[in-house]
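Form predicted alone, single chain, as structure tokens, below.
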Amino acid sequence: MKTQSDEKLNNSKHTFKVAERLSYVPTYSFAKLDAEKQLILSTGLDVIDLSLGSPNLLSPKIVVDECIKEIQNPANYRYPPFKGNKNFKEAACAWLKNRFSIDINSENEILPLTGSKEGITHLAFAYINPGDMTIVPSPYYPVHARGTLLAGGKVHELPLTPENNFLPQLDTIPQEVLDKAKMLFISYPNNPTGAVCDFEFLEKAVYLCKKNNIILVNDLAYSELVFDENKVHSIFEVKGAKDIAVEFHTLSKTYSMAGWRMAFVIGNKDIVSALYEVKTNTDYGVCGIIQSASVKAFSIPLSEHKKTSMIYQERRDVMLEKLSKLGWNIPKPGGAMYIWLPIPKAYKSGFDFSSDLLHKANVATIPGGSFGTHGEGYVRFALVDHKERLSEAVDRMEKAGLTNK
């Protein structure tokens, strides 16, 4: 028989206070727009979705076939080794040797990850104490800053502007910031700007971090998406980089395997080991089926990467040509898979322009403020649809009066 006390308990409402660390992380402004996008899609309207950098190209058939085969292997039903499968690590190191002429020890200088985002976040938990600082060029891929914020650290944003070709001016970092900093992020080809850097910049970054005892983190997610005559280098082509650096690689863009969640980190064995310590307490490693399938990806000739890169370069050129007719004349991105578009003067924020693109033209983008303080005043278009659809997106903008004239 229920008592009055039981009835009161059943009707009571419970609230729980979330951890303070979540208050340090800004809410994605894109989340609201994404909800509105879903609402528009539910009405049956056609939205050209250029928001997330999720490739629409197919994963290589050789990779898919290997995955299907490995599903039948009972060994893959068990937990994978914490440090990754030997065949994956050796294949990744061989690919790195072939691509960049660098030597990575497959025993202690490489660690498979369930995507770079996971590894970058866990790296912050391995090294950032409350109050510690990370230097992050801004605009940035959000996790470069948010891993540090979740760990209780602080972020110093280093401005990337058209005037500096979206390259951080390393010699402008105040010494008091360098004294407090534990990590410095760089990432070229760059998300969201599409900028590229030269080898001399990498040398300067290594020198700065060695001089100030800072961990250098090179996020090389777009190493194979480079356009025109630009070249991409591994940080480990720089002499002495392994003393202070780690580098993140992912199969998401290179092999159109974003949904597979396969990446790896290489470099300084002590830093890799610290990341490993965090991961052993949070997960069991990458699915063995995906690791075996990824070995097949590494066997694909490097010339195939150039073919993929040319697809994105053609998409870039189609969109820039059409945007120029609407009043935008911006430098060609040297790599990655994005158009970083300044908003028209009539708009106060990237969010407002992105909202109009969605509601008036049915084109989904991400407002620049989602990428840090210095991303405001821009929107990002991801080149993740066929060139005909990209062309149509700009036509829709023109029809809706969303121009820069």
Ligand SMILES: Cc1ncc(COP(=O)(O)O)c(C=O)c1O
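Treat the numbers as computed from the prediction; the structure is a model and nothing was measured. Residue numbers here begin at 1 and follow the sequence given.
Another form, the form predicted together with the ligand, is not on view; read the next lines as being about it.
Self-check item: Among the candidates 111, 221, 241, 136, the residue which, in the predicted bound form, approaches the ligand to within 4.5 Å (heavy atoms)
Solution: Partner contact (heavy atom, 4.5 Å) among the options: 221.
Quiz item: Within 4.5 Å of the ligand in the predicted bound form, heavy atoms considered, which of 83, 269, 99, 117?
Solution: So the residue touching the ligand in the predicted bound form, by this definition, is 117.
Practice problem: Please determine, with the chain shown alone, which of 72-80, 269-277, 233-241, 184-192 has non-hydrogen atoms within 4.5 Å of the ligand in the predicted bound form. | Solution: Result of the contact check: 184-192.
Self-check item: residue 261 within 4.5 Å of the ligand in the predicted bound form, heavy atoms
Solution: Residue 261: contacts the ligand in the predicted bound form.
Practice problem: Spell out, yes or no, whether the shortest heavy atom distance between residue 89 and the ligand in the predicted bound form is within 4.5 Å. | Solution: Output for residue 89 is no: heavy atoms all beyond 4.5 Å of the ligand.
Quiz item: With the cut-off set at 4.5 Å between non-hydrogen atoms, does residue 250 touch the ligand in the predicted bound form?
Solution: So residue 250 counts as contacting the ligand.
Quiz item: Would residue 338 count as a contact of the ligand in the predicted bound form, using a 4.5 angstroms cut-off between non-hydrogen atoms?
Solution: Taking the distances in the predicted bound form, the answer for residue 338 is yes, it comes within 4.5 Å of the ligand.
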